[in-house]
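One chain comes next, on its own, written as structure tokens: the form predicted on its own.
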């Protein structure tokens, strides 16, 4: 089996035209399998529940009966800054996939259900709901513009028919409820059919209101707004395993919130020095342990990771464990501090390991060993000689994310030129793949790519000098239980899946 892409655009659904984003689709494959990264392609030896192959969806395909709020969708065929995807997240079942963009919008995709007539449709993700999560604001006291860009989205486990998710921009976290409605009440006594109030003197009989069927409507409503708690920009939010609390982290502080209380939070980490001139590091990412509600981890711009236990102290300024790899003096350079900054930290699903991403590498740490990582994977080491030019064009400050697969056996992260990398922890093999519209033909096999550092370049290789640094994959997501991945490449969303040979 090999990885196969498919692609779908979404934009102006009113007129059936293509919008600025595109969304490829995929079909399922369980993760109870062997995973190998071969020389020619990414090979997955596994059992497919629904062995299908995906074709390019028709532009003329009409959307279903769901009514979608598309008033903010752009009516053009080119991408703007607001269309760039800034976060991607599967929910706990993988049936929904949420994306946020720099325009403050959240678009939720739902996985197509299997039907006898169209078995191949199972695994495709279609637009389920769209809504404007955040609007641009202005802080008049600080003369500071607050962007509407969605920094992070985190799903809550589903407890009833509705879905709940957290979304945040630089300053404000919002809890959204996404629910379906397919009935409407009719037969009011004090209102006419158009909703206008009736004169009580004209009412001679009483009617019992009834519920009438209507076209399915997906509604997104803000249930909680958590604001005014962060002086600096929020970079992370993480839902606790008790599902009653969550934390939000900015550059210098981490706050703990209760979902029912919006007007106050508890500060659990504060690294702000009394004199800001003494500031040497900032918080870059934070996450709760997947099983222990008292444990969380946060990373810093110095390349260190701190594990904290809220049982030990109310204010977790003193860490329980401190993870840091000694620097190799031979690799010391002007850029060492910049490239060692950790851009993302993720607990494994088992809770035993921590994965971190810095500019050039992905590292896996064992919670029981603090002095060095147990695994280090080179993402794009060929860029080490290009750090000077990357510093000049600010690419060296890009923040790449990293994700685990459902069994913690494979990790994935992004790179430049729309490349993304996969590393098999068991076989120690790796593969470089490309998310490109040019390579996303229907039923096409996603071929591995190789970068030529020097010497004679082969036909299927790309020179390191030819890499396009404006095309970068910063945000990725992996289905929680199947071999389906979501990759955000600027304003394009790709979903790849397994394909039976």
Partner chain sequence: MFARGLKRKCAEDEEAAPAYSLQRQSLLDMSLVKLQLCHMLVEPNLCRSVLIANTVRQIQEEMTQDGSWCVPVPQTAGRASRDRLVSTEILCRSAREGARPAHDPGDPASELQVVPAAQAPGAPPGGVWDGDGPRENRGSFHKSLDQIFETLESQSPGAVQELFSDVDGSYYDLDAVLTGMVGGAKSGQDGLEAFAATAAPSPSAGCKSDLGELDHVVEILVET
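Residue numbers count along the first chain shown, from 1. Computed from a predicted structure; not experimentally measured.
Keep in mind that the form predicted together with its partner chain is missing from the display, and what follows is about it.
A.B. asks: At 4.5 Å by heavy atoms, is each residue in 233, 275 and 387 next to its partner chain in the predicted complex?
C.D. replies: Verified in the predicted complex; spot residues all in contact, yes.
A.B. asks: Work out which of 188, 266, 391, 243 lies within 4.5 Å of its partner chain in the predicted complex, going by heavy atoms.
C.D. replies: Looking at the other structure, the residue within range turns out to be 391.
A.B. asks: Using a 4.5 Å cut on heavy atoms, which of 424, 112, 251, 324 is close to its partner chain in the predicted complex?
C.D. replies: In short, 251.
A.B. asks: Though only this chain appears here, would residue 334 touch its partner chain in the predicted complex if you measure heavy atom gaps against 4.5 Å?
C.D. replies: Although its partner chain is absent here, residue 334 would touch it in the predicted complex, with heavy atoms inside 4.5 Å.
A.B. asks: How about residue 142 - does it come within 4.5 Å of its partner chain in the predicted complex, if we only consider non-hydrogen atoms?
C.D. replies: Judged by the heavy-atom cut-off of 4.5 Å, residue 142 is in contact with its partner chain in the predicted complex.
A.B. asks: Can residue 282 be called a contact residue for its partner chain in the predicted complex at 4.5 Å between heavy atoms?
C.D. replies: Close contact exists here: in the predicted complex, residue 282 approaches its partner chain to within 4.5 Å, heavy atoms only.
A.B. asks: In the predicted complex, does residue 302 have a heavy atom within 4.5 Å of its partner chain?
C.D. replies: Residue 302: yes, in contact with its partner chain in the predicted complex.
A.B. asks: Pick the stretch from 143-151, 425-433, 362-370, 203-211 whose residues have a heavy atom within 4.5 Å of its partner chain in the predicted complex.
C.D. replies: Stretch with heavy atoms near the partner: 143-151.
A.B. asks: Going through 307-325 from first to last, which residues have a non-hydrogen atom within 4.5 Å of its partner chain in the predicted complex?
C.D. replies: Nothing in this stretch is in contact.
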